[in-house]
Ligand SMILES: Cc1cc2nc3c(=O)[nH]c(=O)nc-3n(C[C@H](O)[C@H](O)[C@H](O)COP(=O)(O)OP(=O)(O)OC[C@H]3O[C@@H](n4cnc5c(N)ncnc54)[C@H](O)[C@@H]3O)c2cc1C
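Let's start with one chain on its own, the form predicted alone, as structure tokens.
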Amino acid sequence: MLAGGGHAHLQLLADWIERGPPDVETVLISVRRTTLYSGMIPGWLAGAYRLEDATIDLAPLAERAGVRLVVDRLVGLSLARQEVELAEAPPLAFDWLSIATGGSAPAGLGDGADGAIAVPPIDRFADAWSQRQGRSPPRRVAVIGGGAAGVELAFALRAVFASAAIRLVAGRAGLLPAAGARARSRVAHALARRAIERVERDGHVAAGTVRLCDGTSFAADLVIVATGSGPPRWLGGAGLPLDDAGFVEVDAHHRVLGQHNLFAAGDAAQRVDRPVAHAGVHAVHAGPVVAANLRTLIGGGAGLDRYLPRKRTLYLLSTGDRRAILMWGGVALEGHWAWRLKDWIDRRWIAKFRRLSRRL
């Protein structure tokens, strides 16, 4: 059972197409037939891409991988019965389960009632953004969240709304807290050049007002909440080992702690052996590890693969104007050439799955 069509499971499907599936019936459950590549969504907002450029169709991939696709919403998990519970269909039993559903919007933020649009889940964000097209442009915009997602969205919104006042509420941790000083400085200068005000105080949104931790507040016509991924709510009460934030705890093999037949990757999971950020790059690299380990265990083998993140990870942040900021360890550079590199990497990622989807 493959729960979710996230980046890790895309890599698993690719592995099974290229190497052949294991000799077992496999079901992929996804709330939609398609999945969006999050790396291209800020570029879509800024007008560099169409939404279909960032869309991957799961159905032909699943068919070529020998996997049955079930389009439904996961609502629960029973370890005792080894079943996943669905919104529209009876429960489905499993012998092996891999979870890569992605995360959810942080509880109480961006659910629509507070006037904000939350990221993640990325598909609901894309729906909400599409629905607001055609409205009059906002005069005051706020992005809550100082991580890579919040920064890229702030840049994209500047490209869309040239005359709006835009504030990035980065929080007390500041811009890109896991990045080096040079990268943070480069991003801060890029925001200032584009007249995006940086607010380094924690904040939340209520009824179109952003309230900051120091008691001050400001009004906003449009609020994007990008404070990071919350845990998948459908896993609550399942009896899985969860960290304090509610993410599924996994080891270096991405096997759920204490569960020989359960794996998890991407935004649903949290490594316990080392800190690994919830970033798409890690889900992409964890996918082949999960694929290999499932293949090994299903075949009765031993000796599982480990995902060992590199000491340095290449990050490319789009600035919304066909420029990008490259960050690599202590290096931080900006330019049109960095955008061209990012565009090439992103388009190659999409092209890989479209190629694998075609019948040979």
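Note that residue numbering begins at 1 and tracks the sequence as displayed. Keep in mind that what you see is a predicted model, and the values were worked out from it rather than measured.
Beyond what is shown, the protein has a form predicted in complex with the ligand; the following relates to that form.
- Considering the ligand in the predicted bound form, the lone stretch of 296 to 304, 48 to 56, 327 to 335, 26 to 34 in range is 26 to 34 [heavy atom distance within 4.5 Å].
- Of the heavy atoms in S98, none are within 4.5 Å of the ligand in the predicted bound form.
- In the predicted bound form, R194 stays away from the ligand, with no heavy atom inside 4.5 Å.
- Contact check for G146: no non-hydrogen atom falls within 4.5 Å of the ligand in the predicted bound form.
- Put simply, R184 is far from the ligand in the predicted bound form: not one heavy atom of it is within 4.5 Å.
- Checking E200, D72, E249, D221 against the ligand in the predicted bound form, a heavy atom within 4.5 Å turns up for just one residue: D72.
- The partner is absent here; in the predicted bound form, the one residue of I122, V256, L176, A159 having a heavy atom within 4.5 Å of the ligand is I122.
- Residues of 1 to 22 lying near the ligand in the predicted bound form, listed in sequence order, are G4, G5, G6, H7, A8, the criterion being any heavy atom within 4.5 Å.
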